[in-house]
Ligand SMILES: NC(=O)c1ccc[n+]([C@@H]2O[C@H](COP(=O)([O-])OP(=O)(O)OC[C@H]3O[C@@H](n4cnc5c(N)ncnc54)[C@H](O)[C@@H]3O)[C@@H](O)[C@H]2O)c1
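Only one chain comes next, encoded as structure tokens, the form predicted alone.
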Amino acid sequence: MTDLFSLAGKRAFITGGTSGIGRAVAEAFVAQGATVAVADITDGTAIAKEIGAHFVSVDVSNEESVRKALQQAAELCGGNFDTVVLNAGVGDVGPTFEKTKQALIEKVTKINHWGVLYGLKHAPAYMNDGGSIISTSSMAAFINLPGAGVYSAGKRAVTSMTEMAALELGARSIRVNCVCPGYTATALGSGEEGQKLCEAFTALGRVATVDDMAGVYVFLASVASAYMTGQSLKVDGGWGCGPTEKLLELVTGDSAAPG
């Protein structure tokens, strides 16, 4: 039987690929046989060498930088890509709308929203028909927390652009999906506060690891998901299912639903 999750002979491009979820995805793709180029704003030459990938520099908030990175990476990898992962992002949250500075609005929007938009605009020119584009959104696209308004707006935009791009690229059989992680143990967040939230709000009662996420990207890049497009996959440990027993007990003193 064909290995549904094999990426042997495939080429992949990953933004934000030198740390966190992006690095875990790059390592998983390499393990499945793909030729991988990681792109980041910081120099990831040594990291790319360590994981068996190529490195190109990119500033996803700059359209021409995104186009050039795709072009350079395709040359390094020896041809067009079968998978493009638009993962680069920032996790700045905290101030309410009333207190949000313009600089923060521009930073978060340019990276988290425009960065994906530029990828969706330019990646198809460097992709094979039948390929897969995977963006990283967030559970913040669906669950609102006060002080995360600008961040949530950008991540919800990713889910909308995913659906639109799926329609526009369907004629080339390019599938477009996004992954919506819950709190994950990366440099972007999920410190002590995230751990407490996950213990109370998620069915699994813990923060995710990057390895919990990587397999989902392998699935979306592989033929195992050949008929899936335009979807936003919630990888949240059950956060979106509803109040947990622990949360009910914290609020009401009883782990059962109030009657």
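Heads up: residue numbers just count along the shown sequence, starting at 1. These numbers come from a predicted model, not from an experiment.
Note that the form predicted in complex with the ligand isn't included here; everything after this is about it.
Only one of A88, I133, A165, A73 has a non-hydrogen atom within 4.5 angstroms of the ligand in the predicted bound form; which is it? When the ligand is considered in the predicted bound form, the option within 4.5 Å is A88.
Every residue in T83, M161 and C178 with a non-hydrogen atom within 4.5 Å of the ligand in the predicted bound form? No, none of the three is in contact.
Going by a heavy atom distance of 4.5 Å, is L197 a contact of the ligand in the predicted bound form? L197: no contact with the ligand in the predicted bound form.
Could you confirm whether I21 comes within 4.5 Å of the ligand in the predicted bound form, counting heavy atoms only? Answer yes; at least one heavy atom of I21 falls within 4.5 Å of the ligand in the predicted bound form.
Touches the ligand in the predicted bound form: G154 (any heavy atom, 4.5 Å): It does not: once the ligand is placed as it appears in the predicted bound form, G154 has no heavy atom within 4.5 Å of it.
Although the partner isn't part of this model, could you tell me whether L117 comes within 4.5 Å of the ligand in the predicted bound form, counting any heavy atom of the residue? Judged by the heavy-atom cut-off of 4.5 Å, L117 is well away from the ligand in the predicted bound form.
Across 44-71, which residues bring a heavy atom to within 4.5 Å of the ligand in the predicted bound form? Contacting residues: V58, D59, V60, S61.
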